[in-house]
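So here's one chain in two forms, each on its own in C-alpha cells, numbered structure 1 and structure 2.
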Structure 1
C-alpha cells in the first residue's frame, strides 16, 4: 500500500476518534469499574447485564440493516463480520474460561485495561504488558493446544 503520511493520517483519524468516544463511554458507563464487575459476577446488580442486553441488540439490528441495504466497502466487499470457526469448540470453552478468570482477577477486560490506564489507574499498564506476554506464550504453544 503506497500512501503519503497525510492520507494515512486522514484514514486513521476516524478510528482514533471512535476509540476516544468508546473509551469515554467505558468510563461513564462504569464498565471499567472493578466494583461493577464484582457486582456483575456476584449477580447482585442489573447494571452490567443491562449494558450487554442493550449493546448486543443495537449491534445486531445495525448489522441486519447494513446487510439489508447491501452496503459495500471500497473494494466492493459486503460490509460484514468474519465468521468464527467452531472446530471442536475447545478453544472457546478453555480459552474463554481462562479469560473469565483473568477478567474476575483484574476486574477488567482489554478495553477497560486501556481506559483505566488513561483514567489514572496506571497500574493497569502492567496488566496490558502481562496480557501481551500471555498472547505471545499462546502463540508459542498454539500447535500443542486443542482448538
Structure 2
C-alpha cells in the first residue's frame, strides 16, 4: 500500500530539519569555509583537523550505541555497517585521491555543497552539477571497474 504525498512529507520532515540544522552548523563552524579548507591543505591551521578529530570519535561512539541499543530501520532490519573488503586497497587510494583533488579544487567536499549553496555561494551549483555528472559516469563505468 502506497502512502500519500502528505504522509511521506510528514515522515521526511524530521530528516529535512536535521539536515538544515547540520548545514547551519557546518556554515557557522566554518567547516565549509574555503579559507579554512585551503588553510588545512596547506598545513597552516588546526581548525579543520580539530573538527575531524572530534567527528571521528563521535561517529565511532554513535555506531557503538546503535549496535548496543539494537536500533533497527523502518523495515525492522538492524542498523549496521557491513565490513569493508580491502582487496588491494587500490580503489580506496584512487577514489580517495580523486576525492581529495576535487575537494582541493572546489574548496569543499560534497557534504557542504548544498549548505554553501544555501548560504549564498551560488558557484557551488557548478560543483553540485559536476558531482552529479561524476556519479552518473561512475554508474555507467561501474561494471568495468575493480570491485
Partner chain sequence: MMEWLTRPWPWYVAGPLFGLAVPVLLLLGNRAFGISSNFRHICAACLPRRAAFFRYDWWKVGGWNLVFAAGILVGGVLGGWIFGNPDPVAISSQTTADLQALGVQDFSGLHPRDLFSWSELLGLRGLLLVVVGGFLVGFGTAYGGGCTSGHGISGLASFQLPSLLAVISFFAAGILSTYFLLPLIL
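The structure presented is a predicted model; accordingly, all values stated were derived computationally and were not measured. Heads up, when I say rigid core I mean the largest set of C-alphas that superpose within 1.5 Å between the two forms. Positions refer to the first chain, counted from 1.
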*Does structure 1 or structure 2 depict the form predicted alone?*
2
_Threshold 2 Å Cα movement between structures 1 and 2 for residue 122, core superposed_ = no
_Superposing on the rigid core, I want to see if residue 101 changes position between structures 1 and 2 - specifically a Cα shift of 2 Å or more._
no
*asked:* Would residue 28 count as moving between structures 1 and 2, using a Cα shift of 2 angstroms or more after superposing the core as the test?
replied: no
*Mind pulling the C-alpha shift for residue 80 between structures 1 and 2, with the rigid core superposed, in Å?*
2.9
